[in-house]
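Have a look below at one chain only, the form predicted on its own, in structure tokens format.
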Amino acid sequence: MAMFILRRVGVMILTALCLTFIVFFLTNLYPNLEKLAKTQGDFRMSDEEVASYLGRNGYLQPMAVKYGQWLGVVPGFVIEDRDGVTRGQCIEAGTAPEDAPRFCGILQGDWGYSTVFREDVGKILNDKLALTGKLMFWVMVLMVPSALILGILAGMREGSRTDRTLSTIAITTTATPEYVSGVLFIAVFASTAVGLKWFKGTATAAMDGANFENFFLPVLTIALYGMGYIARMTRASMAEVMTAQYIRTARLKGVSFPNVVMKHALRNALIAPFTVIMLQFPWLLNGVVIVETLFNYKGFGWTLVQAAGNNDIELLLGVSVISVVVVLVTQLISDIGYVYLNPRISVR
């Protein structure tokens, strides 16, 4: 198991480097850099002024060098401008060049500075991840048990009326996009048009203090969309397990149907759904953009939209790093859990 994990970690690191380099390359194309210069300076800047701005801030270096500096494995750039002032990646205001550290990338904890929010990227990501983490927690609390119960009940007796009813519900929830269900929930339960003002139509107040009134609708909107997919996977896996030979043998021996389900079928039936459940974490991190925007909940997904829409390069790179890490870590946990649930899989 230890060698299996080490191999997987090695592959994860290589994958993370490749993916982050692709994002870094795309965000540092010259049109994006030119837009950044004009946004921070003046939209009427000439080409020479744009090139001067980019040169002073180290954007015109070779792509591989800039990527290494951003990671923190290559010494940061140091440039002396026309006025004799020394500028550099690691030189902060009031710090003498000789006292500045040589390396100051993400490996050293320096995520850069957001040109839109005017804050350190690390602080922004920390705050927004906390908000989205709170949303993810309550979505998983509602979504996973409900989906497993629906899937198990449907798969226990394949083809029955209960199976058809629950399968229809699961397909309907998955086929309804979040922006449709979210708008419907707001119109029915939060607007004055219908009169059922049970909940708040916005989750902005939930950022400071979440409660049932201001947080339930966004949680329900996300949970319903993901619940149907997990329920369908659980139902298919449960139906397959219930037709296995060892289940028939247990029934012939007189084991009660509830015991057959709980003691013999359930563990094997949860192998496929476990993988699907783990895949919900990266989806919840980046896939809740619509819901966070719809309910004005300024979490990680909302930050991604703001960074991309405003050409905030440093923040966009920070968001990409977090996204890549979450995807790879959940994949690793999923693989380990899959091996644990299915002893027939060898990791040698």
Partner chain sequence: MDALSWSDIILRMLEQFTPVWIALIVTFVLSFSFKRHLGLYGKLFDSPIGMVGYAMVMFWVFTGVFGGGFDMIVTHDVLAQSAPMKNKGPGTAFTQLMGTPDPNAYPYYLLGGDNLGRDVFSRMVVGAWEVIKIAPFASLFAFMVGITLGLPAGYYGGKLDTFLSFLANLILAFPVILLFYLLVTPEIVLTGIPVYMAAVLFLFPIVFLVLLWNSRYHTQPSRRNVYVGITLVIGLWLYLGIAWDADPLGLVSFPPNLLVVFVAVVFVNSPTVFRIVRGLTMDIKTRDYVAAAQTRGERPWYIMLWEILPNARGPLLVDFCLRIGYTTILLGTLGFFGLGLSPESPDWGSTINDGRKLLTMYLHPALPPAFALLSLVLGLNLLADGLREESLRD
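Computed from a predicted structure; not experimentally measured. Residue numbers count along the first chain shown, from 1.
One more form of this protein should be noted, the form predicted together with its partner chain, which is absent from this view; the next part is about it.
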| property | result |
| --- | --- |
| Residue among Q108, S146, T176, T115 with a heavy atom within 4.5 Å of its partner chain in the predicted bound form | T176 |
| Sole residue of S323, Q61, Q69, N57 within 4.5 Å of its partner chain in the predicted bound form, by heavy atom | S323 |
| Non-hydrogen atom within 4.5 angstroms of its partner chain in the predicted bound form for each of V183, P282 and V305 | yes |
| Any non-hydrogen atom of Y225 within 4.5 angstroms of its partner chain in the predicted bound form | yes |
| Exercise: S191 in contact with its partner chain in the predicted bound form, heavy atom 4.5 Å | yes |
| Contact test in the predicted bound form: V65 vs its partner chain, heavy atoms, 4.5 Å | no |
| Contact label in the predicted bound form: V9 to its partner chain, heavy atom within 4.5 Å | no |
| Stretch from 207 to 215, 225 to 233, 133 to 141, 71 to 79 whose residues place a heavy atom within 4.5 Å of its partner chain in the predicted bound form | 225 to 233 |
| Closer or farther in the predicted bound form: C-alpha pair F216, G287 (3 angstroms or more) | closer |
